[in-house]
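A single chain comes next, written as structure tokens; it is the form predicted on its own.
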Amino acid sequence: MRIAVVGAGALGLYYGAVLQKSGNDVYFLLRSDYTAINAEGLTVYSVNGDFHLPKVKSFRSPSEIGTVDLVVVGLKTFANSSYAELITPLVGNKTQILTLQNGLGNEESLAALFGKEKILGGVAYLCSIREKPGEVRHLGEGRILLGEYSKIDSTRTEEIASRFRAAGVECRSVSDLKRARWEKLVWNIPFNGLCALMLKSVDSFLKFEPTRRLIREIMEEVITAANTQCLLKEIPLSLAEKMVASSSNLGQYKPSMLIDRLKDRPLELEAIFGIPLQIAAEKGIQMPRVQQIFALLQLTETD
């Protein structure tokens, strides 16, 4: 299978690397890492075992790659305005497009450009960082929940899921992609938001009871909003406490939004905060704590 990776940050490099290692024909669209990877290859330091790919098909332009069977989109969502420019040259009649991006609205934007029948969504639970060009460090997790955007053909979803599993990635197809996206937001909204605001890692908020309670309350706001979205099965409020408890094992983990803030990069505010708030408001649901975090993060972006 010819696979193009668009958005080769920590997520794109990791998944692309393991897919290549397992025998897939992978093409990386690169910017800052191009020189290093073209010269030295790609190294993955992983909790599952380190490996090095001495030869990687790296390109600066999508037109150099041409059409592929699968496009894996790992772009930060603030770069979604580049979809047409970066993806169009890769798309043929039978190309599938899988977005592994955070938040809401990504499948809709891709469908508007390329047709809903081509779009799949993946919710990735991955702890990885890109420390320097040509190297990615996989700290844990990696599983993917994979779903059809338009629910046209579930067999292709299972085929792609099997490719990831063959690469050592826990991956399963889900019948309700919308529910899977909201479930991840239950974690992403409080931890990404508060960690980026306060410049503190996950453990700091969980060791202090008032902020631990605040995180649980924010999670419950998100769950309440999610359950107005015509999910096939409601998300139980008890998920909040389960997520808080399991996050205690993460230690000094820095969520992606905190890393972006520390590196002075733009934040994925619209997909993780703005669109969920808008969708909830359309159903008559207010999320005051989430709205406050969003407002403060927007303020920090104006400095």
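Residues carry their position along the shown sequence, with the first being 1. Not measured: the values here are computed from a predicted model.
Separately, the form predicted in complex with a further copy of the same chain exists; it is not shown, and the next lines address it.
- Residue Phe205 is the only one of Phe205, Tyr83, Trp187, Phe114 with a heavy atom lying within 4.5 Å of a further copy of the same chain in the model of the complex.
- Although the partner is absent here, Ser22 sits far enough away that none of its heavy atoms falls within 4.5 Å of a further copy of the same chain in the model of the complex.
- Contact annotation: Leu13 falls outside 4.5 Å of a further copy of the same chain in the model of the complex, judged by heavy atom distances.
- Interface membership of Ala226, defined by any non-hydrogen atom within 4.5 Å of a further copy of the same chain in the model of the complex, is ruled out.
- Contact annotation for Cys171: none of its heavy atoms lies within 4.5 Å of a further copy of the same chain in the model of the complex.
- Only one of 160-168, 140-148, 73-81, 211-219 lies within 4.5 Å of a further copy of the same chain in the model of the complex by heavy atoms, and it is 211-219.
- Annotation for 176-208: interface residues with a further copy of the same chain in the model of the complex are Leu194, Leu197, Met198, Lys200, Ser204, Phe205, Phe208 [heavy atom within 4.5 Å].
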